[in-house]
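To begin, one chain is listed below as structure tokens, in the form predicted alone.
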């Protein structure tokens, strides 16, 4: 591959007390990737995401974004560079209307530098831009839903709101932490094409997921973690053929087929 990676994780390790949550994890994310990160509960997935995005400090290793060392950098500085993330447990401003949740990122230095949503020109009314972004990710513009307080939104819309807040920063990478979890089948049926649409619009995606059937439809590469170690990497077919993955992740070969 001739492209330079956007994101490089080199030998990252993190321990909590005497428990090693990550052990010398390596990975590379290239422009246009949809990289899936999977593994059983406690395998280190969220610790890895938190390490990359600055929410926890790593003990060893290096993290590079666009060639720049961002190891242990503050989260807001990493986001300002264009590497954003969603949260498994959604963190909106619950008392504000959905569209008002986007005002903070739309006032950010990065949004000002990049010219705003669909940039190049004037920022325009930030309220209008906020509703534009919500419409892009599935909020019905002519309905009352963009104007409802976040506390009144169902899970499917809260997941989209997490994505919208990332998009307001015009990121190069979005790390999605369980963005499909908790969704109904109909919500997932619309969310998966949305992720593909974001990729086609030039956003690189890293998806931490338990919903393997849907993830494998769109991910071009999958990394498998277990007990803080990377045990497999490749296409979905390649990792599913790994005996180590079947035994360590799924428990038994027979259980694999209930996931895919």
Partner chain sequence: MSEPAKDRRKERLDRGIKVRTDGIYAISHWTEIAYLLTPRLLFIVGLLLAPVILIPFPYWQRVLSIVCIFALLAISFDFLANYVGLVSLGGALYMGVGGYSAALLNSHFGLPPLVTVPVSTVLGGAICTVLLLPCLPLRGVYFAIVSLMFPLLAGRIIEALDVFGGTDGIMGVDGFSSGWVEQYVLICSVLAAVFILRRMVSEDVGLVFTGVKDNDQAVKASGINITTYKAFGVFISSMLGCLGGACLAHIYMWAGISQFALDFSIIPIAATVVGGGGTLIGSVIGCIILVPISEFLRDFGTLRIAVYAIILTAFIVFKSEGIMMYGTRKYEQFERWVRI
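Numbering follows the first chain given and starts at 1. Predicted model, so just to flag it, every value in this text is computed and none were measured.
There is also a form predicted in complex with its partner chain; it is not shown, and the following applies to it.
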From the candidate stretches 172-180, 152-160, 103-111, 132-140, select the single one in contact with its partner chain in the predicted bound form, where contact means a heavy atom within 4.5 Å.
103-111
Residue 80 versus its partner chain, in the predicted bound form: is there a non-hydrogen atom within 4.5 Å?
yes
Check residue 55 for me: does it contact its partner chain in the predicted bound form (non-hydrogen atoms, 4.5 angstroms)?
yes
Proximity of residue 186 to its partner chain in the predicted bound form, heavy atoms at 4.5 Å:
no
Answer with yes or no whether residue 95 is in contact with its partner chain in the predicted bound form, where contact means some heavy atom within 4.5 Å.
yes
Do all of 76, 126 and 147 end up near its partner chain in the predicted bound form, with near meaning a heavy atom within 4.5 Å?
yes
